[in-house]
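In the block that follows, a single chain appears as structure tokens, in the form predicted on its own.
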């Protein structure tokens, strides 16, 4: 009985008395960060052998048309697994900012527009995007066959690689006026299926690696767990703003500080003017048509929750111009911000929400919950201090660099 009383006393003493019980209750819905949900559509998602293969592939620049671009080009470990640029740049420049990969397995949808429903399906798209890596699934299969270490690790997981000796050098699903698209259509159906299976397995290995990119036990987490010294006074006041008058939790909810949904906050496009990007409206169409989605023939669970989510997914007019809510965990590590990196610093982000300066409307369905916060200079600093307190501890450094040969 004395022991129980002592534990309760310590917990009460650790609890910051400047926060109300309601504020503490809200805080506990954000911490701790649980392990990522299992992904039954990828039976190798938590296989350490797949994670090691995925790590090799993640840093391999041979998986690009010019031999100079890898996944880590746009998702650099020392830049918060982003690239520090407004618009990500691979072989060419894309139209969107490269999102951070920290805690990425916590997400429900992938890309800013949610056009992929799993990490493994997502991984194949930049591989074949001409502006990103500019590679193709046929060249991928040929590379795996030719590399002894990669082929050995691949076949130990996924079975024998296909015979690619009679395949064209490059081919992928594309328009018929694209030479690679024409080469793809010239291949037999069985060979196209075999090449796509290799691409799907490539994605599944990458997902296994990316699921290990976890940063948690942030100062905020430690404070909620009872470490009274973990948060500065400024960060504590910032939490009160975040959870109270700021109403930030309406979108940045839960342990990952994201509702996993899509919103239009009226942020103007990078070049100014009015955005014409359909965003989630187009993303729904693309994810439903993706042969690598949870319902497709390469999914390992075609009747589970992910498949059901697709069966009930609707393309609604109000989703035009909506983008996925990013997590705020580790947000201080991955500037710039927003879907085109329009805001360079957290100071600019907080200023935008404080004033809604320059906000535009796309169609007639912009978020109505947003109102200028009209923060004082000190309140802005407090909110930034809180956001910076969400930076967690990194995994072991061996996860953040290419594996030795």
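Please read these numbers as outputs of a predicted model, since none were measured by experiment. Positions refer to the first chain, counted from 1.
What comes next is about the form predicted together with heme C, which does not appear here.
Checklist entry - Looking at the partner-bound form in the predicted complex, is residue 117 within 4.5 Å of heme C by any heavy atom? => result The answer is no: residue 117 has no heavy atom within 4.5 Å of heme C.
Checklist entry - Should residue 31 be counted as a contact of heme C in the predicted complex, where contact means heavy atoms within 4.5 Å? => result Although heme C is absent here, residue 31 would stay clear of it in the predicted complex, with no heavy atoms inside 4.5 Å.
Next on the checklist: Can you tell me whether residue 61 touches heme C? I mean in the predicted complex, with a 4.5 angstroms heavy atom cut-off.
Outcome noted: Output for residue 61 is no: heavy atoms all beyond 4.5 Å of heme C.
Checklist entry - At the 4.5 Å heavy atom threshold, is residue 136 in contact with heme C in the predicted complex? => result Outside the cut-off, so no.
Checklist entry - Can you say which of 263-271, 148-156, 188-196, 287-295 gets within 4.5 Å of heme C in the predicted complex, counting heavy atoms only? => result Stretch 263-271 is the one.
Checklist entry - Even though heme C is not shown here, does it sit in the predicted complex so that 140, 162 and 300 each have a heavy atom within 4.5 Å? => result The answer is no: none of the three residues contacts the partner (heavy atom, 4.5 Å cut-off).
Checklist entry - Which pick from 283, 80, 219, 246 sits with a heavy atom within 4.5 Å of heme C in the predicted complex? => result Filtering the options by heavy-atom distance leaves 246.
Checklist entry - Can you pick the one in 180, 240, 201, 88 that has a heavy atom within 4.5 Å of heme C in the predicted complex? => result Selected option: 88.
Checklist entry - Are there residues in 115-145 with a heavy atom within 4.5 Å of heme C in the predicted complex, and which are they, in order? => result Contacts from 115-145: 115, 119, 122, 123, 126, 131, 132, 133.
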